[in-house]
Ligand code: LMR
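Here's a solo chain for you in structure tokens, the form predicted alone.
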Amino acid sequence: MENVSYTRRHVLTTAGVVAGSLALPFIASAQSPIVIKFSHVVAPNTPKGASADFFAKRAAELTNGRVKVEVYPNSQLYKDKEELEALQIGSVQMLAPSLAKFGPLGVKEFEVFDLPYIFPDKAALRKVTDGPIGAKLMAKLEPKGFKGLAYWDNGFKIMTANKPVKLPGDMKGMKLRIQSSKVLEAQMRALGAIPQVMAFSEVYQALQTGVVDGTENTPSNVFTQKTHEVQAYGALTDHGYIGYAVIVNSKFWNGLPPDIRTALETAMKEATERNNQISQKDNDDAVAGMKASGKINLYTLTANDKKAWIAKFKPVQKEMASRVGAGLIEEINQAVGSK
């Protein structure tokens, strides 16, 4: 009886495969789009979050529905420390991690973006990300199984704390949350502060409970994560930069049909242009929103204040030269016109 049952099942299965194979092209295009899981750790209403959603929309449009990008914000799938491994093993196909994330992975050169005040402004930054230096850095990700698609801006960082902050000395002795980066550790030590590496998703509670005293981030991240509700003070220092590298699993990317890759590259180019246009406005709006909330006192630096911050951070470049590469730092300083 068992053999009869097996034979029947086998015949039905074989018939189904044959019938299904005849309609396969139709099914693949109409019912089985290529799924790209795009995971990130910030809110949907940040520059990165909005740009990921925009990319998903354009990818569907430009491929006529042959690609479906599923965006998972706010660490829904993976936290900071988990997402790169998830991409390597193919659990997700696309990420936009902050540039600091690649240091712990072994690509220490990316930590050059963490150096305080290395980029005087966005125009100087763009000379690096859009030029040969940016391309050379992306190429260093390939041995890790990643294909770099674009650089996305977030913006320049501010300091927040549970006590007034105006000058570098005000941070002395404070426990400050940072991303995992040796450069950021050195930066906080230069202030006499105690760096605390912590996942982005855990920051609000850590500040609320006093596990850490303060942090640094862009205004849009501070505002959308409601950090300003658990930090009474801040300083608009613009001391460092947060940007992202949009990366995809190389094996997955190389396995896509050429026309699909071309369409996705177009969608990514559009999303990148849009991201870099909206990031400054979002940060400006976030500063205005925090001020209007009345929950945080944001201090605007004077020209002399900024000179004091720059002077305090200046030794960090020399200290970190052996880690990120003295030649790379010099290359960037020349590209942006810094001495």
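Throughout, we count residues from 1 along the sequence that is shown. Keep in mind that this is a model prediction, so the values were computed, not measured.
We do not show the form predicted together with (2S)-2-hydroxybutanedioic acid, though everything after this point is about it.
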Can you say which of 173-181, 123-131, 159-167, 144-152 gets within 4.5 Å of (2S)-2-hydroxybutanedioic acid in the model of the complex, counting heavy atoms only? 173-181
Only one of Gln231, Gln187, Asn221, Thr237 comes within 4.5 Å of (2S)-2-hydroxybutanedioic acid in the model of the complex by heavy atoms, so just point that one out. Asn221
Would you mind picking the one in Phe200, Tyr78, Trp253, Tyr117 that has a heavy atom within 4.5 Å of (2S)-2-hydroxybutanedioic acid in the model of the complex? Phe200
Is there any non-hydrogen atom of Asn217 lying within 4.5 Å of (2S)-2-hydroxybutanedioic acid in the model of the complex? yes
Closest heavy atom of Ala59 to (2S)-2-hydroxybutanedioic acid in the model of the complex, within 4.5 Å or not? no
Using heavy atoms and a 4.5 Å limit, would one call Tyr244 a contact residue for (2S)-2-hydroxybutanedioic acid in the model of the complex? yes
Partner proximity in the model of the complex: Val42 to (2S)-2-hydroxybutanedioic acid, non-hydrogen atom cutoff 4.5 Å: yes
Residues of stretch 87-116 in contact with (2S)-2-hydroxybutanedioic acid in the model of the complex (4.5 Å, non-hydrogen atom): Ser98, Lys101
